[in-house]
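As structure tokens, one chain now follows by itself in the form predicted on its own.
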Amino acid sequence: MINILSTLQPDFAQKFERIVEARRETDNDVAGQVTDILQTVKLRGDAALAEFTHRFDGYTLAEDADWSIPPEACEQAYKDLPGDLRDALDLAAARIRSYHEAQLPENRDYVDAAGVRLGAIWRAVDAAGLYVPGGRAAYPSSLLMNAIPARVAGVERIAIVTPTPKGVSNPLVLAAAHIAGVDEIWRVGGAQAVGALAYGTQRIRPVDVITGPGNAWVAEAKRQLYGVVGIDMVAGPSEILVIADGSNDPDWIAADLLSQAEHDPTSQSILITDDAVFARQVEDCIDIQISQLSTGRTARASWDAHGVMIVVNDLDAEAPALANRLAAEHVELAVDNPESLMHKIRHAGSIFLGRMTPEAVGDYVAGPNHVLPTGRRARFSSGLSVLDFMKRTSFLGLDQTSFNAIGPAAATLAHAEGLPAHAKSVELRIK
């Protein structure tokens, strides 16, 4: 039976701190393995990809093999979907596109009081590489969440890498690629695929930005390659924090907690409630539901190792501070007045308001991106957006009048910093 913590326990602060500081991510062995893989791909290109793909995915990338999946196959996969499934993907894509179109930044171009012209231009990167997992499960939703913002941003070339174990590709992923207008799909996965996108190989051209979730090896590869390419984030195991009062249906809250636990044994689900009896009811419901899930073995491992229930006296007074320390990927506010709590929670990847807003709906069709910071990174980073596929170039322009207004100060500062050439570059133009 899982331990239920209470803020009234004299050692609660120490126990809670252990939860906050617990690491469920990459170890040194993974980091070393990834370094070796990336160096091999950098040096040997396609030959290295073929060897790793044969070893890890059981698929042979021979000279005459299908290294990539053609657009026609993606279109056919879309046409072959059952109508309800095709409609669901289309709805998800439309809502994701609409939400992200509203994120597009505006260029700036203005003249200030000194007569100086200032501004900035936003432009998309030339090429983006998207990682789509293909191990424990295939995620067409992740493909849409990554590819659609890239397309909305204006990226000209979108290349996907995805493992196809034994050469088998998931038709849902192919259909999603068709909807999103992906340009390339390569049958490679793992850290080696991330290396191929960053460095380029004989077949795969390099990209400027790499995004998308993956296992520990994929996350570590992105971390090591940041600087060679841009990345969205280093994502760790999934996590959910549910803040719920005793007026909820315990079956609902149990299902919400398990929605993340079923992802991976290292995922984490946490409940904060002001009702100890309700917490026990949720725990009982979790035990029943796990026995009925096809993913029950994974969910059980996650819940037993990382599940937490915390009982507080006052949700509104105590829960926000705990939530801010956890800085969780997903935060559900299953209470009558979620607005009050939301404005007190500063650190969260995404917040889900009210009893009728389970995190799972946000994974698919709501619109906001489900690629979110984990491992307390919500303290300083945000979910994937169109801005991850864009960069800003500033510009300025001066005439003689505006130069005379601000130039002398620039020369003064240049002399103060011991940079006489800087100063002279300015002083020669002052009249």
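Numbering starts at 1 and runs along the sequence shown. Throughout, rigid core stands for the largest set of C-alpha atoms superposing within 1.5 Å between the two forms. This structure is a prediction, so every number in the text was calculated from the model and none was measured.
Keep in mind that the form predicted together with another copy of the chain is not shown, yet the notes after this line are about it.
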Self-check item: Full three-residue contact with another copy of the chain in the model of the complex, heavy atom 4.5 Å, for Tyr139, Glu262 and Ala348
Solution: yes
Exercise. Please name which of the stretches 269-277, 160-168, 350-358, 182-190 has residues with heavy atoms lying within 4.5 Å of another copy of the chain in the model of the complex.
Key: 350-358
Practice problem: Report the residue, out of Gly32, Pro70, Gly58, Gly397, that has at least one non-hydrogen atom within 4.5 angstroms of another copy of the chain in the model of the complex. | Solution: Gly397
Practice problem: May I ask you to state whether Lys15 is within 4.5 Å of another copy of the chain in the model of the complex, using heavy atom distances? | Solution: no
Quiz item: Just to confirm, Arg203 within 4.5 Å of another copy of the chain in the model of the complex by heavy atoms?
Solution: no
Quiz prompt | Partner contact for Asp84 in the model of the complex: another copy of the chain, 4.5 angstroms, heavy atom | solution = yes
Self-check item: Contact label in the model of the complex: Gln281 to another copy of the chain, heavy atom within 4.5 Å
Solution: no
Self-check item: Neighbours of another copy of the chain in the model of the complex among 152-166 [non-hydrogen atom within 4.5 angstroms]
Solution: none
Self-check item: Rigid core fit then Val386 CA moved by 2 Å or more between this form and the one not shown
Solution: no
Quiz item: Under a superposition restricted to the rigid core, does Gly200 display a Cα displacement of 2 angstroms or more between this form and the one not shown?
Solution: yes
Quiz item: Does the C-alpha of Asn404 move 2 Å or more between this form and the one not shown once the rigid core is lined up?
Solution: no
